[in-house]
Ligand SMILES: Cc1cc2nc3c(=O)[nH]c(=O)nc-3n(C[C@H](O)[C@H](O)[C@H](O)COP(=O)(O)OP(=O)(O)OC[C@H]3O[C@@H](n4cnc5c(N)ncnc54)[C@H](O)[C@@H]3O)c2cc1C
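Just one chain follows, in the form predicted on its own, and it is written as structure tokens.
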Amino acid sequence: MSSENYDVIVLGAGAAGLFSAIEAGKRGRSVCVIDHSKKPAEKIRISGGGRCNFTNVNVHPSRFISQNPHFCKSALKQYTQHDFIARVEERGIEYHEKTLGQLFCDKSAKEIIDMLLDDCETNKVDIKLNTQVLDVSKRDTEFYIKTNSGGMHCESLIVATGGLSIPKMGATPFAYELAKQFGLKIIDPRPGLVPFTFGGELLEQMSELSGVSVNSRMDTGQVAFEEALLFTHRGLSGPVSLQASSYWQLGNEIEVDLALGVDVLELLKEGRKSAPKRQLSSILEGFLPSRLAQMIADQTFGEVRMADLSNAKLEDIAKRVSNWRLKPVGTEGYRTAEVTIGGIDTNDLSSKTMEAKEVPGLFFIGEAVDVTGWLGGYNFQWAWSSGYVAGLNA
């Protein structure tokens, strides 16, 4: 069977892979994208509740996690959030800004996918779906890719097959295994942007509060976030939990302020003064959801009149609300994780091109690399930026 020849082959038809293919195609390179899935860009399709949080106006290197925090700077500078926003506007896609600079399509994530696929077609990029890569090897200056539909070879190989998050969508360790094959190191992967889980009595309490949401502050001891917290039947979710999870280490405590922006002690003292006969839970309901207020009352001094609470007791209650210390037993894992933290060691890659330093022509981009953004469009921007610079150099 004859082997197909391309200048560039991209493994992975997600955000980073398609973007790199487009940029390589713009340079006149012959490009083919290979993916084992039936459809391209499935993670884009489901992202942002189906509206794709495609970037963030506040992109900054400090909002990315990596063993080498400087690595992401070059790619993010070469292709910025403003560059992608301009591309979206040029396409005529209407979008809006939500909290903390997050940008979403007004209509559907499909608009972003269609833009990428149309750009691939314009730049003569071939896309082969339902195609399994069986083997990759390099001979002299060429890579040989064996697939279930035949052999292919290329000068440059871009690997954009992602990490381990959301395995039901086809996530595999392919990128890590290929990197190891070519001598690159891997930073141990772990789930990121993922809900916390709890056990024992804490789990029982949280299950009873399932569905309750509060604006909160969560501190991992390393970094703190202020966003919505959601109680679930497994533990804690919501944006603030997802953000904190990326910095949390197993065995560590987290500290939560359940009444962000509220001087709880002052309100409790005022409640005791103005309504001494009211129950504690009733006063707490003034600034907390009723089920949460009831739980905190039960856990502290029960159904007691405000008049019967000393200053010391009010301080204990305020601390339970504003400085709640608790220890997760873990997270929900890759099943629900939005991203994978860790991955291909950036020390083995050029920050300017994403090319492997010791393997000319081999590039790794997107989630496969040890660069992970915050929640809110940052990981898509890393896909665009890393894909762009690889496409310019492959």
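For every residue, the number given is its place in the sequence shown, counted from 1. In this text the structure is predicted, and so the values were computed from the model without any measurement.
We do not show the form predicted in complex with the named molecule, though everything after this point is about it.
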May I ask whether Thr172, Val339 and Glu367 each come within 4.5 Å of the named molecule in the model of the complex, counting any non-hydrogen atom?
yes
Could you tell me which of 330 to 338, 356 to 364, 65 to 73, 343 to 351 sits within 4.5 Å of the named molecule in the model of the complex, going by non-hydrogen atoms?
330 to 338
Just checking whether Ala15 would be counted as a contact of the named molecule in the model of the complex - the rule being heavy atoms within 4.5 angstroms.
yes
Val136: heavy atom within 4.5 Å of the named molecule in the model of the complex?
no
Exercise: Ile46 in contact with the named molecule in the model of the complex, heavy atom 4.5 Å
yes
Please tell me whether any heavy atom belonging to Ser37 falls inside 4.5 Å of a heavy atom of the named molecule, as the geometry stands in the model of the complex.
yes
Looking in the model of the complex, the residues of 280 to 313 with a heavy atom no more than 4.5 Å from the named molecule, listed in order, are none
